[in-house]
Every structure is written in structure tokens, then in C-alpha cells.
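We begin with a single chain expressed as C-alpha cells, specifically the form predicted alone.
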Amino acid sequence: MANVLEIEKLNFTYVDTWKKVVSDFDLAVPEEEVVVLAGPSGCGKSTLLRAVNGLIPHMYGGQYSGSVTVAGKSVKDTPMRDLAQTVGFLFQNPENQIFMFSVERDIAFGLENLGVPRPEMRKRVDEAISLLGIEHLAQRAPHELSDGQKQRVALAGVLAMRPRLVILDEPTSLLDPRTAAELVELVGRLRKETGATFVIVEHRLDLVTRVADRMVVMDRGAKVLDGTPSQVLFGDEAELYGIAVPAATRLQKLLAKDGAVGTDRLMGPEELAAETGRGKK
């Protein structure tokens, strides 16, 4: 399976600073994979995302070396306008990317800027609205929506561009637990229905690890852990790098030592209770 994202020996230092924010970073992400990028605040996650969607080096200056390639395009050598059709970016706060007076117009915003013909634009907007299940919101004004609805609208605008790679930056930070869980489940479904690859930065690991194939941990600009969510979170190093291992995962690890459960995959609280209850019987 071909890689959608390839990062090789990436180093970056912002202007007027001396410390590398990203250091000798390597990563290859194949098609349709969901990757969770984790690490403590200030470890370089946001800078890495900027290097993937082209803000670095096109908008942020500094010392840059190495390479980032998305769907065969060199990020450094590709104009931002062209990258927007390959890399989709969902911001932490959806209001940062909602501009228009109706949901439908907002989803079409990026396509209009690219000069996509109206019949094709109509088709893509309708597809995105259907994928996100927001047909009932199409004519609503964005300011009337809940945070969860705004996230769906912003994500619909991203998907209408038909990117190969979708980056989600803390997508659940403004959402209540139920809405956050719905958004994460939606990512799992969209991966199957669109064939897109997802890179997610998220602290609520109990949610995103349910749909993730892989987890990459950063520390001081470098990649320090890389494996399946169970490999990373059941290991002894994750917490040393400031990763908040979910309570259910810590409990599963303890139960596994007594042979009550396995560690081949992560379990939620309900499944753990069911497994241990079954064992007692």
C-alpha cells in the first residue's frame, strides 16, 4: 500500500530562536490509516502539522531541512493553493474556518476559491453534507449551531475538497463527552467511506484510540514512540513522556498481569467490566 504522507529527517527552527522545534523527524503513513499524534504541550506537534499542510515553510520562516511529501507532492515545492486540494485541516476551534452566512455556502467556500465549475461544486457539497449527516442544517446560519454541529460543518468543508490526507487538531477540545465520542466514531466511518488518511492530535486518548491504527508520540521535537495504540499505551514509556494513559487502559494492564484479560487490543470500561464479570462466573 502506497504512503500518503512521508516525512524524512525533518528539522525546523523558528526565526529568532535557537532551539529546534522538530528534530530529525521521520514518519511514513500509508493510505487509509488513522494515526494519533500525542505528546506533552510544547513537544512540537503543532509545528509538525504546519509542516505537513504547508504553513511551514510557506507562511512561517525559519531554518528548514529534510522533506515532507503528501500524495507524491513535495510540500516545500508545492503552492498552498494546490496543497489545499491534497491536505485538509480541521482546526481546534471550528469558528476559525467558518466564514459564510449559511452552512451550504460555507462548505462551498474552498471550492469557489479554486474556481471549481458549479455543477461539480454542487455535487461535492451535496456529497459532503450527506457524509456528515447535516442535510437538516444546510440552510442554517453557522452562528445558530452548537459546537458539535459547527465541527461537522467545518469537516464537511474540508471533505468537499476531497483531500487525500485529513489533519484534525484537537477536534474534541470544545465538545462534551457524548458529542466528542460521536465525532470520533464519525472519523472511523469516514475513513472507510472516503478512503482518506487521518492524522489526529488529541489528548482524549480513550476516545481516539478506538478508531486509530497507530499512535506516534513526540517529545522535544523528536519521535520517541511509534506503534499500535495497545503497544504504546501498555508499554512502560508512554507515561514517562507525559502521555495521560486512560484509566481503563491502566486497569486493563493490571488485570492482564493476573491473566484476567488480554492486551492484544484496548478495551473500554464497559468491555472490561463484561470480561472480568465473565471470568468470575
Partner chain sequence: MIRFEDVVFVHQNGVRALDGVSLDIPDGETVAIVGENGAGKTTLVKHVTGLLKPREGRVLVDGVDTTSVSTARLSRKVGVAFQNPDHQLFSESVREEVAFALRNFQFPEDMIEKRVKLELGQFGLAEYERSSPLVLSGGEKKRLTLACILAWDPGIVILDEPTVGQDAIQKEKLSETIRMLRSQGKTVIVVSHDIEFLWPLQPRTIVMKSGKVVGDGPAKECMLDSEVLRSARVAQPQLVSFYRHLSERPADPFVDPLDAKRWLSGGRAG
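Positions refer to the first chain, counted from 1. Not measured: the values here are computed from a predicted model.
Not pictured, yet referred to below: the form predicted in complex with the partner chain.
Note on the partner interface in the predicted bound form: the residue among Ala222, Leu49, Leu255, Val35 having a heavy atom within 4.5 angstroms of the partner chain is Leu255. The partner is absent here, but in the predicted bound form a heavy atom of Thr179, alone among Gln97, Thr179, Gln85, Thr78, sits within 4.5 Å of the partner chain. When contacts are judged by a 4.5 Å heavy atom cut-off, Gly242 counts as touching the partner chain in the predicted bound form. The closest heavy atom approach of His203 to the partner chain in the predicted bound form falls within 4.5 Å.
In the predicted bound form, none of the heavy atoms of Leu266 sits within 4.5 Å of a heavy atom of the partner chain.
Interface residue remark: Leu27 is not counted as part of the site for the partner chain in the predicted bound form, having no heavy atom within 4.5 Å. Within 4.5 Å of the partner chain in the predicted bound form, a heavy atom is found for none of Glu31, Ser74 and Val153.
Residues within 4.5 angstroms of the partner chain in the predicted bound form, judged by any non-hydrogen atom, belong to 169-177 and to none of the other stretches in 120-128, 169-177, 190-198, 102-110.
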